[in-house]
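First comes one chain, alone, set out as structure tokens in the form predicted on its own.
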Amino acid sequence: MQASRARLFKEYKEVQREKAVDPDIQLVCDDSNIFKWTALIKGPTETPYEGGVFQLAFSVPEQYPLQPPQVRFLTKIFHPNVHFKTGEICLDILKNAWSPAWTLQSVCRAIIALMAHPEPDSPLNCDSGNLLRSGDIEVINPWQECILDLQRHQRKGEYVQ
């Protein structure tokens, strides 16, 4: 556990240095628990998620970096590789392709890449995966636009019932 704490402290210092370098990712460690992190990531350009800000929750195991963190979306997202209700993410590096070379920051970058390039053949959201496989991308855009509109209203303090 001491090695994982040392690694997380090192990553924390790197995140502080890289804030200006990577403005699409804001990674924050919980004040009372080094094993709990949150991230705000910007939706990638030229995707249905452009203009959105998405919150992620990280739960880092004591065996980190030998085991991957558990990451899920807290912000609702309509995406083939994200479970709509739980926010669970289907991404190989969070499962069987994990390497200790990955950092929490690089995991955020991989999630942004997944948002831009979904894998509809391994969906957690079957509806979204089926739409994408059938080439009906126009249906996904209004779904996500509705979610982004709700997000904007919530940020302004306007809650829509």
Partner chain sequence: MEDYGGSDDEYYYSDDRESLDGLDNEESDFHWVPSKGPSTKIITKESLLAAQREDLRRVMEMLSLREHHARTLLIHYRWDVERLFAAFVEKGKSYLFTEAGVTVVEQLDVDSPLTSSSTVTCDICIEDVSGNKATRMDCGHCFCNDCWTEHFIVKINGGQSRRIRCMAHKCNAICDEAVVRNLVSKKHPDLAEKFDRFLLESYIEDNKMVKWCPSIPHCGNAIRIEEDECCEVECSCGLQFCFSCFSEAHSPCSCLMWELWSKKCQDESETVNWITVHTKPCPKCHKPVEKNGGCNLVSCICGQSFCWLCGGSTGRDHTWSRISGHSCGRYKEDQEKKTERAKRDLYRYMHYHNRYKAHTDSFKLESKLKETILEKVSISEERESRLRDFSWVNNGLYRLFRSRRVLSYSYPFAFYMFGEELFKDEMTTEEREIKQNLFEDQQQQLESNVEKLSKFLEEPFEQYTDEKVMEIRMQVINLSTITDNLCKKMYECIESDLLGALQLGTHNIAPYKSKGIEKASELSSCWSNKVNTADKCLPSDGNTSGGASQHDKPSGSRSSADSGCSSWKRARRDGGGFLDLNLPAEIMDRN
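Residue numbers count along the first chain shown, from 1. Predicted, not measured: the structure shown is a model, and the values here were computed from it.
The same protein also exists as the form predicted together with its partner chain; that form is not shown, yet it is the one meant from here on.
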property	result
4.5 Å heavy atom contact, residue 53 to its partner chain in the predicted complex	no
Contact of residue 66 with its partner chain in the predicted complex (heavy atom, 4.5 Å)	yes
In the predicted complex, residue 99 touching its partner chain (heavy atom, 4.5 Å)	yes
Which of 22 to 30, 111 to 119, 35 to 43, 57 to 65 lines the interface with its partner chain in the predicted complex (heavy atom within 4.5 Å)	57 to 65
